[in-house]
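As a starting point, one isolated chain is supplied in structure tokens, in the form predicted on its own.
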């Protein structure tokens, strides 16, 4: 549904996006992470055919973003940082207007508008002017507008920004539901917990270039190394005689536990437990040390900045 090759955008002497390669299938969510000014929004604008690439190409829903810009814009729903809300309109008028832009019939516009306003909790305020809305209400209305024509591709820039926790949860649930209907979704977000919960693939971009991309587990293994496990005993036990299987690295020892790094947990962990039980160790728990997307992101960014300093 989304494919790019060497996608590049240059503004005079400034290289905003540099040779970006992406491939996102139907029913998948890609999260693009990066600092402000890293190239996320420029990439999204090229994917929506609002900006032409300087070189390279992109296809969205099978359409070339340069040759078939109108078809691309008809196939995607977009939520950007600048919502483009018309403050003197009511929510009903606003959604009806965009339904007309997308050539929906009057009955389809009303059905879709009523559904989205109810889903996002805006029905009671639907006849108030948008200028009277809170930031969170405006965010929800902007997302409703992006979904008005039931698009196959959604490009969302900070979709839960300025929302209260309950509303943000509702939007995350909706994004997950939309994915299940084989929609392709690209999220640009600074909310790493949100990305962990939603994304199938993650790309980290820095100064226009993608530093790394893959699933969360792939990124953890590549950046942080093999997973670490803590073995806890129910009482103090001398673990000095423990033999570790191949591919298991000893890290530390306490009176009531061990910490190890395991290359292949599926094979090695049962062997570790088998050996401990043979030694009459009272194993209370074998659990993986938590490793987060935040750890991955901070390490990748530190490496990127460090290599620049070396140069």
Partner chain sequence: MLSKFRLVWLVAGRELKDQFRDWRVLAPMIILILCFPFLMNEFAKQTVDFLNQYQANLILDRFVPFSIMIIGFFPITISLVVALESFVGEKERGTIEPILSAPLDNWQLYFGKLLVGVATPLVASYLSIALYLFLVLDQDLNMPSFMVMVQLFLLTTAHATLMVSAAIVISVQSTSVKAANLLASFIVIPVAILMQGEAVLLFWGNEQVLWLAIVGVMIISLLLIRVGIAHFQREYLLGREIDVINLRWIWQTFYRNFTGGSKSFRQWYLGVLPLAMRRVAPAVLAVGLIAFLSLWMGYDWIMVNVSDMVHSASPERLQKIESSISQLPDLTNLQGSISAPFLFMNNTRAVAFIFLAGLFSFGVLGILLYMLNIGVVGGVYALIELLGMNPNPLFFAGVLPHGIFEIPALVIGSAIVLYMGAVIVTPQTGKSMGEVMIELFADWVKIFLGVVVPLLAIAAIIEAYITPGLLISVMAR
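All of these numbers come straight from a predicted model, not from anything done at the bench. Numbering follows the first chain given and starts at 1.
One more form of this protein exists, namely the form predicted together with its partner chain; it is left out here, but the text below deals with it.
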Check your understanding: Hey, in the predicted complex, is residue 88 touching its partner chain, heavy atoms inside 4.5 Å?
Key -> yes
Exercise for review: Please check if residue 50 has a heavy atom lying within 4.5 Å of any heavy atom of its partner chain in the predicted complex.
Suggested key: yes
Practice item. May I ask you to check whether residue 9 falls inside a 4.5 Å heavy atom distance of its partner chain in the predicted complex? Key: yes
Review point. Should residue 134 be classed as touching its partner chain in the predicted complex when contacts are defined as heavy atoms within 4.5 Å?
Key: no
Review point. Just one of 207, 83, 115, 232 has a heavy atom within 4.5 Å of its partner chain in the predicted complex. Which one?
Key: 83
Practice item. Name the residue from 108, 176, 101, 125 that puts a heavy atom within 4.5 Å of its partner chain in the predicted complex. Key: 101
Practice item. Tell me whether 221, 250 and 279, taken together, all sit within 4.5 Å of its partner chain in the predicted complex, counting heavy atoms only. Key: no
Point to revise | in the predicted complex, segment of 253 to 261, 281 to 289, 266 to 274, 41 to 49 with a heavy atom within 4.5 Å of its partner chain | key: 41 to 49
